[in-house]
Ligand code: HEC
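A single chain, nothing else alongside it, follows as structure tokens in the form predicted alone.
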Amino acid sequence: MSIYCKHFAPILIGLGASLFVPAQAADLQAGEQASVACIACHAADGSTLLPEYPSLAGQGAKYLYDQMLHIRSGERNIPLMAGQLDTMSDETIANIAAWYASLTPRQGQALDMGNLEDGEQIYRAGITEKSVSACTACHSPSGTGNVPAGFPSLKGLSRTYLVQQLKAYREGERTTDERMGGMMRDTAHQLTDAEIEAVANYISGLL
């Protein structure tokens, strides 16, 4: 049985204005045109082959929109994206988010069969003795996330990228989970390098 996420109940109670999706109807054609600036790192179809960058295809529009606002404001520091969003309006960012959300993510493939079972255990049941919640509580059993709540899909993300982000949360270098009560930092803080590698490997193979 999976561990219930200790942060999840208050988040559900607090859902509302903080999860407001941009009101304007997204323009997919405009989003596709504006996404040209993103192709070098994220690929034209949103499924990059560069493991250190995230694939954006099929990602929730709400999550993408929020993260781009975090990057534009400097709250989320990604040196390679410095200045990329500075001149973009909220509407343009919403259109880009909607465009990538409309694309189909690539099929996942785990790279290491040796720690697959350990990774699945963490993803689906957590780690009881460390009070680590199952990843499925927020990211769903299939890894598709929770679009209305803004919890991201994990499908199509590389093991390299997932490891980077989990370690960034663990070390407090990424703090964009503030609205969620710091749940990712709390979770990642409990994980060893080996556990991060295992769960990231398993997630990268979710179909």
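Note that the structure is a prediction, hence the values are computed from the model and not measured. Residue indices: 1-based, along the sequence shown.
The next section is about a form of this same protein that is not shown, the form predicted in complex with this ligand.
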query: Contact at R170, Q190 and A194 by this ligand in the predicted complex, all three, heavy atom at most 4.5 Å; finding: no
query: This ligand contact in the predicted complex: A98, any heavy atom under 4.5 Å; finding: no
query: Exercise: L103 in contact with this ligand in the predicted complex, heavy atom 4.5 Å; finding: no
query: Distance check, R76 to this ligand in the predicted complex, heavy atom within 4.5 Å; finding: yes
query: Heavy atom of D27 within 4.5 Å of this ligand in the predicted complex; finding: no
query: Members of 166-196 lying within 4.5 angstroms of this ligand, judged by heavy atom, in the predicted complex; finding: L166, Y169, R174, T176, D177, M180, M183, M184, T187, L191
